[in-house]
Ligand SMILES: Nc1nc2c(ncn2[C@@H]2O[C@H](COP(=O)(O)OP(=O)(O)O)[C@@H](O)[C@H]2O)c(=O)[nH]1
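Given as structure tokens, the chain that follows is alone and in the form predicted on its own.
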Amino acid sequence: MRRYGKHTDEDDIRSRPNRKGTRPRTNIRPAHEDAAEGMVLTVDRGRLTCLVEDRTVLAMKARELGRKAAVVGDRVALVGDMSGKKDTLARIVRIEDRTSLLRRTADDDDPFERVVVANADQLAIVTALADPEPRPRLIDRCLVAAFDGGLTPLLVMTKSDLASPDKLLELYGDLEIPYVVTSREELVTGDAADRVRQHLDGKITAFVGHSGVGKTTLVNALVPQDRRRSTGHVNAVTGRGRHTTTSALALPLSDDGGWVIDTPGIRSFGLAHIDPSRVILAFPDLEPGTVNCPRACSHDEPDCALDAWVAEGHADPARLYSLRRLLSTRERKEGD
């Protein structure tokens, strides 16, 4: 009778005879010190297009990386054929440390988080002022994701010829978020792109927004066709007369290192992965006041020290209201 657990001895251990040509497994992995540096531009069904120096290279993730996935914006190390020629394939052997992460879940009760973009400096949240109507709850959720992930938000309002931006500006004014207001005509003439570009030069900016707000139209205006050709990519897939972004794509904005990352239109922005304690870091005037908060304070309860902090004149009450509104987005549906 075979015994298991703590009662086993050497006679109970089954061993397989060494087969010719087999090698013992090892945890030692090659350092790949001579690997080339690259940036992931887009991901499509397990194939990643990377920019290596001045050429695009098609690559796949090396098995040694396990389940760790590379996303658009990642800085990676590559080995293998990096000529960029047709039918060649390199391997991504290392994903470098990330400076920021834009993450979301499919819904608030979905524990599986999805990394949308890595290493972006800012998040441009594009919303129409009319047709379709603005969705402040969705904007709030994008702001929370930006603050949590270490991105600086930028609010881009389109179609100002159809409605005034005053209501939205009043709602977000206390958050001190930089913003740009554009009209449909300015999108056509290029004036909108010129004004938005002033906030983008030298930075990596991810663009988000739900369908119909003019996000991809703006990105098309920001990145001329000849610059897209220089990286060997097309920005959009044409369907039924409209350009619809189907996957995140990084495009070079300028020669000084500026990039724009166009992401697919979103219908919802789940925040199941968000740690509320990180959102307060985006409010440097309020964060010191949390020292006396009770453990695991939600910052919206009777014993929260922020009420006293504001009452003592250290911060504007409107800022505390804005913080609590953002934190409450996890408990509210976007339509509420």
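Start at 1 and count along the sequence shown; that's the residue number. Everything quoted here is computed from the prediction, not taken from an experiment.
This protein has a second form, the form predicted in complex with the named molecule, left out of what is shown; the following refers to that one.
Residue 211 is the only one of 99, 211, 254, 88 with a heavy atom lying within 4.5 Å of the named molecule in the predicted complex.
Among 81, 201, 161, 174, the residue placing a heavy atom within 4.5 Å of the named molecule in the predicted complex is 161. Interface residue remark: residue 215 is counted as part of the site for the named molecule in the predicted complex, having a heavy atom within 4.5 Å. Mapping the unseen interface onto this chain, residue 205 falls outside it, with no heavy atom inside 4.5 Å of the named molecule in the predicted complex. Residue contact with the named molecule in the predicted complex: residue 183 places a heavy atom within 4.5 Å of it. Contact between residue 187 and the named molecule in the predicted complex is found at the 4.5 Å heavy atom cutoff. Exactly one of the stretches 161 to 169, 72 to 80, 116 to 124, 136 to 144 approaches the named molecule in the predicted complex with heavy atoms within 4.5 Å, and it is 161 to 169. Residues of 300 to 322 include none with a non-hydrogen atom no more than 4.5 angstroms from the named molecule in the predicted complex.
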